[in-house]
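In structure tokens, the next block holds one chain alone, the form predicted alone.
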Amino acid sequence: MNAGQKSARRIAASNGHLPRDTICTSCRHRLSHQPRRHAATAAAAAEEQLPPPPQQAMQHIPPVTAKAPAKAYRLLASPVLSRPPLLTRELTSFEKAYYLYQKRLNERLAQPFSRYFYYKKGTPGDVEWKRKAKARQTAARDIGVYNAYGREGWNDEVLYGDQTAEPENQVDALIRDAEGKNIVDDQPVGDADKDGEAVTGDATVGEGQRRELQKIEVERPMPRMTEADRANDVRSLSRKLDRSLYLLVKNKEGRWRFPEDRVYGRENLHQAAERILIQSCGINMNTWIVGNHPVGHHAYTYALPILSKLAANKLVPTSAAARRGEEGEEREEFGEKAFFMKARIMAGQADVSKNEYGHSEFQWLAKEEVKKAVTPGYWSSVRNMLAER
């Protein structure tokens, strides 16, 4: 609004009427037609018509206290503790044949160095190299007997049932080569002129004495299958090293489930999951709760409501403050809702001997084994959270 409009509004407020010679036509029209406020006018009229409240209504009304038990669902936190795979998975037959084909193809296409780049001509190393190369026909040690530059160099595929592509066969070939043996036979390396014997090499001490050549023994890698796999020890973390294992406990009702307990006081799901692992599986575990949000949930409705008494937890300080004056309060619970928290075990082992929930056993199971242990309803809630391997 400009200065002229403000002056016109002051004139209208002071005189009560709007003469033609004082303000312009547009300002006089705007000021004479005020907006209608039907709702505000009706509300003001209704307030004027209401009779004053009686004296008794002004008195304080005490709050109504419920005598019946509160009705709710039981809120549970359940950590899904897993041990990740420690080994890569086993290769399929197609992958084994493909990788062997790639190695042979690289041996055939790559331009090799001369052996004199590595060994001086006429040295024992050069003699040993020629002996091994004559047996395996190639510089590579883990692709079987294959001549990449011969007339059959194009035939770099293996037939069905050939064991050359098996990892165990390749490891055995590498070890035999490191021990000085050929990859195609088991003949020991020795000095034919001396019947496998050699002079000690010391010209001053023990001259003329002979000793047997020392055998080189290369330590073999650990097998993929452990003793726990052979014994099917489901309580051991050393089984199924190429799979993810999940911790299940047998509760006091005799059902196999993930560790779980109700959420107390003002603790969140992350804090409740850490507490549950300590109270259910002991302190001999180094665990890590991955996130603050659940990865899934499970809801179950009881056939009949259950009366439960609320109590404080000794590891949750806020539960005692929240339950002060309400210890022993009854709650009618119609079911339970469990929220699953992802967790990892870094070291240690579970121990249910001193747990506070009545757990009698525990197992480390893979996904297909979890399906056989739990109920169908529970499995439908957790199956999408578990890794295939």
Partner chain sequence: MLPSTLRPQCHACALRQQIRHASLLRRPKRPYSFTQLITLSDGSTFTHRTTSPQPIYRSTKDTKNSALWNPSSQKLLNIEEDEAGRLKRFRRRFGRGFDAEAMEQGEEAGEGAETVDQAQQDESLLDLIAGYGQAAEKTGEAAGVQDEAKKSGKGKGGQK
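Treat the numbers as computed from the prediction; the structure is a model and nothing was measured. Numbering follows the first chain given and starts at 1.
Unshown form predicted together with its partner chain; subsequent notes refer to it.
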Which of 102 to 110, 297 to 305, 247 to 255, 72 to 80 lines the interface with its partner chain in the predicted bound form (heavy atom within 4.5 Å): 102 to 110
Its partner chain contact at residue 260 in the predicted bound form, heavy atom, 4.5 Å: no
Residue 181: touches its partner chain in the predicted bound form, heavy atom cutoff 4.5 angstroms: no
Distance check, residue 238 to its partner chain in the predicted bound form, heavy atom within 4.5 Å: yes
Non-hydrogen atom contact residue 126 with its partner chain in the predicted bound form at 4.5 angstroms: no
Its partner chain in the predicted bound form reached by all of 118, 315 and 347, non-hydrogen atom within 4.5 Å: yes
Its partner chain: the contacting residue among 231, 216, 87, 135 in the predicted bound form [heavy atom, 4.5 Å]: 87
Residues in 258 to 297 close to its partner chain in the predicted bound form, defined by a heavy atom within 4.5 Å, in order: 278, 283, 284, 286
